[in-house]
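Next comes just one chain, in structure tokens: the form predicted alone.
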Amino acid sequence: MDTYDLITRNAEEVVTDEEVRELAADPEGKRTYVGYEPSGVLHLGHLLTANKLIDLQEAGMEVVVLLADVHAYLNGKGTFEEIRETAEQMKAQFIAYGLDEESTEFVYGSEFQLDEEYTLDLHELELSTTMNRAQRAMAEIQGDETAKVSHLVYPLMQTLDIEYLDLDLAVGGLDQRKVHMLAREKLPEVDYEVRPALHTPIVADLTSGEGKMSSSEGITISMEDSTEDLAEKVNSAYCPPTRDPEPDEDGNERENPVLELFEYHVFPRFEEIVVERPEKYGGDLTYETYESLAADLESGELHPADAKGTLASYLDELIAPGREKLHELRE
């Protein structure tokens, strides 16, 4: 896989392709980041972007993980002391999951976001940004919560983070797209250069295939899950024998979350996937690519139950080191 393909693997959107190709031509020492509000326990949403950071490290880039304590405080996630305690747990889990500790820089937002220069730049952006524009940028992250003034400041801070962390590439889920577009619009207004961005997909709800997997509704997979809990969740997942399910009876679009988890979480981290089956059912199946596994599911060669059992096993292998680290931190 060439450098450009590695950098853009499983990216839902590249902004812009020309800028990312230029970056891929000379990635050594370039800096990329994802920002996370500290929440204590990593779930598959965190780990999807973490997989992309691992790709970028493999491509030669330096990774910055912003432990966004100020952002979390603005979003009502607790006191700074509480937020930093959970941030330290997240840091340990990211390393256990596979981020290279030597080429990963963990930064608290409060290390630079409270400085005078940053604050003055933030005020300048506040002067030139309408409330409607800021709220549009924040809408997908804010969800159904009534907008507060802090929500309007939040995306402007994310805009400045890209400059103050000296980044060459911003990474985030598709729910960060509007914020990154705001950054491309606003950074030149304070005499800073725009940077390219990669957006990773949003995995569908595990039980229905609709919408997105949501930790707030208790239907995601996290590093807290035991092997048994994980197997139970995956075995009850929606998995029709197709990568393109029909809409439900109300017309809601659906995806196959089992295939999505293979594509975005398993195949990027394992060179081959083995589906173990008794000889009377055809014996083991071995896959080196997502496409071959998805094709076998659609043809009937791979039964959904076998796909789910295999997915649970590989996901468990991925999260086990982080689960162990969590147990250590809590003892």
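Everything quoted here is computed from the prediction, not taken from an experiment. Residue indices: 1-based, along the sequence shown.
What follows is about the form predicted together with a small molecule, which we do not show.
Contact stretch among 302-310, 34-42, 288-296, 260-268 - heavy atom within 4.5 Å of the small molecule in the predicted bound form: The contacting stretch is 34-42.
Report yes if any heavy atom of Gln176 sits within 4.5 Å of a heavy atom of the small molecule in the predicted bound form; otherwise report no. Yes, Gln176 is a contact residue.
Please run the contact check for Tyr108 against the small molecule in the predicted bound form: heavy atoms, 4.5 angstroms, yes or no? Output for Tyr108 is no: heavy atoms all beyond 4.5 Å of the small molecule.
Given that the small molecule is not shown alongside this chain, does Tyr164 nevertheless sit within 4.5 Å of it in the predicted bound form, heavy atom to heavy atom? No, Tyr164 sits far enough from the small molecule in the predicted bound form that none of its heavy atoms falls within 4.5 Å.
Does the small molecule get within 4.5 angstroms of any non-hydrogen atom of Leu66 in the predicted bound form? Yes, Leu66 is a contact residue.
Using heavy atoms only and a 4.5 Å cut-off, determine which of Ser222, Gln93, Gln158, Asn256 is in contact with the small molecule in the predicted bound form. Filtering the options by heavy-atom distance leaves Gln158.
Find the only residue in Tyr97, Tyr238, Tyr154, Tyr73 having a heavy atom within 4.5 Å of the small molecule in the predicted bound form. Only one option qualifies, and that one is Tyr154.
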